[in-house]
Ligand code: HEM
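Single chain ahead, by itself, as structure tokens, in the form predicted on its own.
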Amino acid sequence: MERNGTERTTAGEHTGGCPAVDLFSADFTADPWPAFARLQHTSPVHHDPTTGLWLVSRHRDVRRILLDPERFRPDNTLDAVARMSIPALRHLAAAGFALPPTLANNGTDRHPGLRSLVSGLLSGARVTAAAPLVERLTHRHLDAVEAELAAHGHCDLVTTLTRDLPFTVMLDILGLRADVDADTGVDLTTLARWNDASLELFWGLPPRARQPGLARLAADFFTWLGGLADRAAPGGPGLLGLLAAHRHPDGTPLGRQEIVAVCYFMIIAGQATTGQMLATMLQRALHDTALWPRLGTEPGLAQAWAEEMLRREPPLTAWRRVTAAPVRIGGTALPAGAPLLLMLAATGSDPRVFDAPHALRPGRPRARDHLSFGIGRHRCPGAALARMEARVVLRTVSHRCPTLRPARPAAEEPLLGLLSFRAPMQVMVRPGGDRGGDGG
């Protein structure tokens, strides 16, 4: 991941006739929709001096960009937001850390073959076959939830349910579950620490004093994946066997760093985005005491409501592109090499596309016209898996625990606020029986 060398500037700066938006502020993280509306109305292509990115917020502009990968390249997709300290860079260099173009950041002719390989593992048939596993895992985690509630009177659904369940599902689909257990020294808790560190290091603005610790964890993750890549052999099981057997259009096999990069991206994408999606959906649903018990009993409601949440509060809030040539977007002329931030979360609330976008209306017209999974060549290959997990988890938790209640107002839950990720870091619940504690 390359560094773009940006530093923070004063949040009060104005560009393009619109007040600057502090993408990393607590206020923006807690309630980004006023800023989205302001950007769409006054400055739909807006330069952010903090990151050096051009913020693109209207649905039609983002859709156009995603559908034109030749003019809008994915090369900067995985670049780090902030300039890293020398000690942090040394930790990464010592591990040989590098993420060459493979999936999300790949605009070359090597991308279609790799995408096809991954899409095969996440096909509709495989997703359907995985649904019983998701339901079994949900019940297993709910056993732990109920034990915590009985012992302490409260429980965090993030640590007991939404963090580990997507990990297990993705590792199973990728054929990597055997590599994560007590005997290997790497468990789901370790993977979660590596994941969290990677997200903060590359998509956040961590203080320089904190960066070396985060870099050490990211380097450990990379080193572990390198060990898996070294054991990969053509004909072997799962993702590793497919990657080892894969050949680029010119007939060359994947290099070790390419295999590691694919695994790194797939594990982070499969756990972080899905886990954050589930946490957000559960929190919102639990604070609607009329809706919550219905999700487990009314056919199709969990699926329709999850789709509305994907539109309004997607787990991946923004993604990046860079212009390949001078271009005009939304009336703004941009030079070649202009880095863009496609504000996916804003597009789901664009009133030009969605009527009353602030309202959650399951089954609304054009429900799937949101761009939360992208569109075109780089559309998220795990979209069907994420939708299935959301549907099964919401339905199963609601059906088994219809009186579950929030333990505190939603506004008091800590939020993760990174460049492309936004989600509650805790979802505290308590046993039901009354309406106390339902706030937010």
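From 1 onward, residues are counted along the sequence shown. Since the model is a prediction, treat every value here as computed from it, not as a measurement.
Same protein, other form: the form predicted in complex with this ligand, not shown, and the subject of what follows.
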Which of P381, P406, P32, P44 has a heavy atom within 4.5 Å of this ligand in the predicted bound form? P381
Which one of N195, T280, T160, T273 is close to this ligand in the predicted bound form, taking close to mean a heavy atom within 4.5 Å? T273
Among 22 to 30, 45 to 53, 396 to 404, 369 to 377, which stretch has residues with heavy atoms no more than 4.5 Å from this ligand in the predicted bound form? 369 to 377
Checking a candidate spot here: are R115, L310 and L385 all in contact with this ligand in the predicted bound form (at least one heavy atom each within 4.5 Å)? yes
Contact test in the predicted bound form: R71 vs this ligand, heavy atoms, 4.5 Å: no
Close approach of W203 to this ligand in the predicted bound form, 4.5 Å, heavy atom: no
Examine V392 and determine whether its closest non-hydrogen atom to this ligand in the predicted bound form is within 4.5 angstroms. no
Would L344 sit within 4.5 Å of this ligand in the predicted bound form, counting heavy atoms only? yes
Members of 237 to 266 lying within 4.5 angstroms of this ligand, judged by heavy atom, in the predicted bound form: F265, M266
